[in-house]
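Only one chain comes next, encoded as structure tokens, the form predicted alone.
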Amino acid sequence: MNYLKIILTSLFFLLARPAAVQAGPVTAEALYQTLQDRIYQIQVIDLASNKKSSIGSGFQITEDGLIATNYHVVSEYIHAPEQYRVEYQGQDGRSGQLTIQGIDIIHDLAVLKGALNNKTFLPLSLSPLSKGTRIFAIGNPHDLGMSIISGIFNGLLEKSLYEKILFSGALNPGMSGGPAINEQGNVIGINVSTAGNDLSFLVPVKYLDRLVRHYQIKKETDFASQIEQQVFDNQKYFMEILLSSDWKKTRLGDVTVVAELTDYFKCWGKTDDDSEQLYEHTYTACASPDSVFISQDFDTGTVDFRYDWFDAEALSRFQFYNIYSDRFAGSFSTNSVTRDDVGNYQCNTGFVKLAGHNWKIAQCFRKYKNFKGLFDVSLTMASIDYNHKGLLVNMNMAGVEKKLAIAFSRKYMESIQWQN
């Protein structure tokens, strides 16, 4: 009888329990309404005018008021704290001052802290997503008000030195530093840049998680030293990858040259189509697509190179020499810098023999003023064995220590081979 009573009682509770509600599709509206109090506009304020100098977006990631954004959003303040201050502004009109707590310039991240009086925050999700998953990006485009954009997660970029998520959605200026979330409202990435036409990029959330953990263990305030160390460590990592890679080769005229140094290098080329030109000219150029943002006028961490092949049987030796020598001047490092960032180029020019062929070579270095031991490097080469044909080479590296630059230049020069 007792067993029958237990069974009947259990059956009663099962029947009395309300049926589970089938969850419908998550809407952008519902997510925005739920999460908007955790997302802020980040403002860098010029102290002299008390006006906004730059804006971005950010989001709360801890109960005690830690906010995540992009490094480039707050870089003006980091480089000139005596000239600016950083503030947040919430959707409800709340505002206040923020202090920088940690930075990762390689992945363009910063964490800030303020007295937010808000205990709600966005959790970080390190769970993998499948291609085609719907995600949402939130930010303040063009200072027009907070917006939410629906898009598609398309995985990591396949050819990039620094991991980025490919997001099929239209990020706009002002959305930098805002969160990209899944349908559960968890952060899976941070808005960082766009290539237009619904093609945008996110920083994977794992780098933010790593930065937060570092901040919690080691609170640092000397951001100039942090930037210097991060740039130095990154160039070493980058150059060691290049030096250990098996470089791809291509044929240009009578010479075999290096093409893509790794899978993430991009190359292009063109042959002059001027029918009245009395010589043939073909060029190819390759570059690493990623750079490290230091400030609005200073970036580094790039490698690029260009080859110009000339075949001029119709020209006299003197005419060919004039064209060839004018082009030999070449170009120097293509990264953005100011006089406050670097010194002048110091160059050495000479003649060398490589694999039985003669070259005129100029190698130039300019020292970084604030990053000890780093240089921009330019290498220019001209083959000089023939009177009517030749190859010009120009290779540039930005932000490299000298010993690695010399090792790279040596491997690069030795990779060029004449075929006949």
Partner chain sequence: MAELIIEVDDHAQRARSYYSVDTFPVHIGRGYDNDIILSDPHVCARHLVINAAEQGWVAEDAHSKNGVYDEEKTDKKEVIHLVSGDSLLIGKTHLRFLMPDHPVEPARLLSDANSIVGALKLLSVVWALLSILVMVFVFDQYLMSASKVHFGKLVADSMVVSASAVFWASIWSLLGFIVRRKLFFQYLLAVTVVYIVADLLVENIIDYVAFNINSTWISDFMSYVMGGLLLVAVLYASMKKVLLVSNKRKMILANVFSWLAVAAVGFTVYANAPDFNHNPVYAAELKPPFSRIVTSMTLDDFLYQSESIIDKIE
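Keep in mind the model is a prediction, meaning the values are calculated, not measured. Positions refer to the first chain, counted from 1.
If you look for the form predicted in complex with the partner chain, you will not find it shown, but the lines that follow are about it.
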{"item": "Contact check for 162, 195 and 273 against the partner chain in the predicted complex, heavy atom at 4.5 Å", "value": "no"}
{"item": "Exercise: residue 48 in contact with the partner chain in the predicted complex, heavy atom 4.5 Å", "value": "no"}
{"item": "Contact of residue 380 with the partner chain in the predicted complex (heavy atom, 4.5 Å)", "value": "yes"}
{"item": "Residue 182 within 4.5 Å of the partner chain in the predicted complex, heavy atoms", "value": "no"}
{"item": "Residue 364, heavy atom within 4.5 angstroms of the partner chain in the predicted complex", "value": "yes"}
{"item": "Contact residue in the predicted complex, chosen from 328, 247, 264, 207 - any heavy atom within 4.5 Å of the partner chain", "value": "328"}
{"item": "Listed range touching the partner chain, judged in the predicted complex by heavy atoms within 4.5 Å, from 75-83, 172-180, 129-137, 317-325", "value": "317-325"}
{"item": "Residues of stretch 397-418 in contact with the partner chain in the predicted complex (4.5 Å, non-hydrogen atom)", "value": "402, 406, 409, 410, 413, 414"}
